[in-house]
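Next up: a single chain in structure tokens, the form predicted alone.
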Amino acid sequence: MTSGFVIFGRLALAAGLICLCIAPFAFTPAVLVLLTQALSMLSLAMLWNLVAGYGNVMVIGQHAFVGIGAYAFYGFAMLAGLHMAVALPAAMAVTLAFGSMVYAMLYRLRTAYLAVGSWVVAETLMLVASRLPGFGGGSGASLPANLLRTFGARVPERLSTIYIMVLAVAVLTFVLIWALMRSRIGLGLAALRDNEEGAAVAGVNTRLVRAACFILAAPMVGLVGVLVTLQEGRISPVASFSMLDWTIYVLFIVVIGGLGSLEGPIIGTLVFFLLRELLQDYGTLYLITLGAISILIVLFAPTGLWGLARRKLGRDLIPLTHDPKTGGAS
């Protein structure tokens, strides 16, 4: 029976991916916008889960790299006049450089000190961005129409193009994390997640694997920031560096789904957007419900919804380790 549920779950994931691939041809623009937002959040959730869930680097300043990616892209594309094909990787490179510098400042911190320190850095960068000349100050700036038209002459065409880009980034993020966790570094990360002191005793270079998670995740978060900018058509300090949108909601998704698993962010994203669509017309009740669910999960199911399901199934839907009994993935 357990194997049947696992097979069903894997088939459901495959069917979901197929539906996402045909979405530009099957769904209305409104649904496409919703799916674009969901996939962006999924990418951010997977990346934060890599850093916090596997690397045990509990940061609450991920929104800093979303904003850096957005502003760097605007600077390269609008102010420097670079082509999209150059501006996008350049923005990722800037985010990578900032990620390296931020980690160099914060790597000695732990637990609450690390969380607060990363938040302070993110808020400082937001204030700096609001005073950059040429970026619209505190109110931000809009992307010119001629840039947006490179993604399609009409709005539906642009929505489809941006959606395909976001889907590609979400799949790429998933594959990269899966490949990383299947490598020798992944074994160290899994040990670090389960028992940090035990991992260090076993010979895992905990400082190196933490740094690798944090620094490698930064440019991917910056890339999501670029895609969010293309979706919104503008940058602004409040929106591009939004702690609520790009960190708090992401934490909710990962905590609800399950920290330290590949399935957790997927489940958490589905739950988050389902609740958002059902409760968004009820004002503050929406946020109260999210908070209440988070508290209940932390108290009664600290491993998240996927942790509860995995306890029954005995294995992951997305295999990361090899089963010594069968020699296959489990």
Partner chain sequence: MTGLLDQIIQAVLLGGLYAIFALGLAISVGVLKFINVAHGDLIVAMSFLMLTLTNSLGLPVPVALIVLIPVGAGVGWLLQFGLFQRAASQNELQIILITFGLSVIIQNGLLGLYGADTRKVTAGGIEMASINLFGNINAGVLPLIIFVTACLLIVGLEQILYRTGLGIQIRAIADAPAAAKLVGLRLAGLMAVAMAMVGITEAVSGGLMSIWTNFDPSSGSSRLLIAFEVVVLAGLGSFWGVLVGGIIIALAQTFGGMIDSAFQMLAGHIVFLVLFLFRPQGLFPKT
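Source: prediction; values computed, not measured. Residue numbers count along the first chain shown, from 1.
What comes next is about the form predicted in complex with the partner chain, which does not appear here.
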Interface check vs the partner chain in the predicted bound form: of Val175, Val155, Leu79, Ala112, the one with a heavy atom inside 4.5 Å is Ala112
As a check of understanding, the residue in Ala145, Met105, Val86, Ala168 with any heavy atom within 4.5 Å of the partner chain in the predicted bound form should be identified as Met105
Next on the checklist: in the predicted bound form, is there a heavy atom of the partner chain that lies within 4.5 Å of any heavy atom of Ala64, even though the partner is absent here?
Outcome noted: no
Counting only non-hydrogen atoms and a 4.5 angstroms cut-off, does Val31 reach the partner chain in the predicted bound form?
no
- Message: Quick check on Leu259: any heavy atom within 4.5 Å of the partner chain in the predicted bound form?
- Response: yes
Look up in the predicted bound form whether Ala52 has a non-hydrogen atom within 4.5 angstroms of the partner chain, and give yes or no. yes
Can all three of Gly117, Thr124 and Ile288 be found with a heavy atom no more than 4.5 Å from the partner chain in the predicted bound form?
yes
With a 4.5 Å heavy atom cut-off to the partner chain in the predicted bound form, the contacting stretch among 38 to 46, 22 to 30, 266 to 274, 293 to 301 is 293 to 301
Across 130 to 151, the residues having a non-hydrogen atom within 4.5 Å of the partner chain in the predicted bound form turn out to be Arg131
